[in-house]
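Only one chain is given next, in structure tokens, and it is the form predicted on its own.
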């Protein structure tokens, strides 16, 4: 994979303490902006808008038109957490897993995807031998979405991505902020976080839009 520099908008809405930021990333720039200030920004300069599990989804409903405009330009929205206020038409309410046994919390890779190269279902399933940290349910995907990782014996879609015909894409992780899980357990896992953001940057359609403009 090439090493194009990426630029990301981290939408911060941590009530207390420090935000759970991604670790320092080589080549990429992450702008951290408090959620209630993002309306004033030009989102078109960002490869990805990063929404954390702490996002105020009621507030995001009020930004629907801004999201639509950004996606129409080829942008990427990375959503972490549980949908409780569907602020994009692709979103449906979060559904928790009905069963919570150890095997019901196993994460399955549903196919090859460049964002998860080298990451196995076992890596995503366990933290020091305990399962259930990566996710415990799903945000039901829309028609046409590609399910990347699933959970449980019924393979509920846990991570999915959908590309709009009108432009833009939405990546959804139905758990705590994805970089937090990818970076724990071993220093070697930090490379997974770097690789994930490399992929977001390299595959950004927004760059093509800017170049073509």
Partner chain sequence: MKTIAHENQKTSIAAIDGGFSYHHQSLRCEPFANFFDEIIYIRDVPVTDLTQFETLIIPCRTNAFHLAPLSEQFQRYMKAGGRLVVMGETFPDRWLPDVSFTGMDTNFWWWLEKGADLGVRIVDTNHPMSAHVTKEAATWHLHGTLDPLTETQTCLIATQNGECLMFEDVSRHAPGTLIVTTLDPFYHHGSHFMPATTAFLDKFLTWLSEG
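Positions refer to the first chain, counted from 1. Everything numeric here is computed off the predicted structure, so don't read it as measured data.
The next section is about a form of this same protein that is not shown, the form predicted in complex with its partner chain.
Although the partner is absent here, residue 13 sits close enough that one of its heavy atoms falls within 4.5 Å of its partner chain in the model of the complex. Its partner chain in the model of the complex is not approached by residue 120, whose heavy atoms all lie more than 4.5 angstroms from it.
Mapping the unseen interface onto this chain, residue 145 falls outside it, with no heavy atom inside 4.5 Å of its partner chain in the model of the complex. Residue 66 falls outside the set of residues with a heavy atom inside 4.5 Å of its partner chain in the model of the complex. Using a 4.5 Å heavy atom cutoff, none of 99, 153 and 164 lies near its partner chain in the model of the complex. Shown without its partner, the chain has 57, 58, 59, 82, 84, 85, 94 in segment 57 to 95 as residues with a non-hydrogen atom within 4.5 angstroms of its partner chain in the model of the complex.
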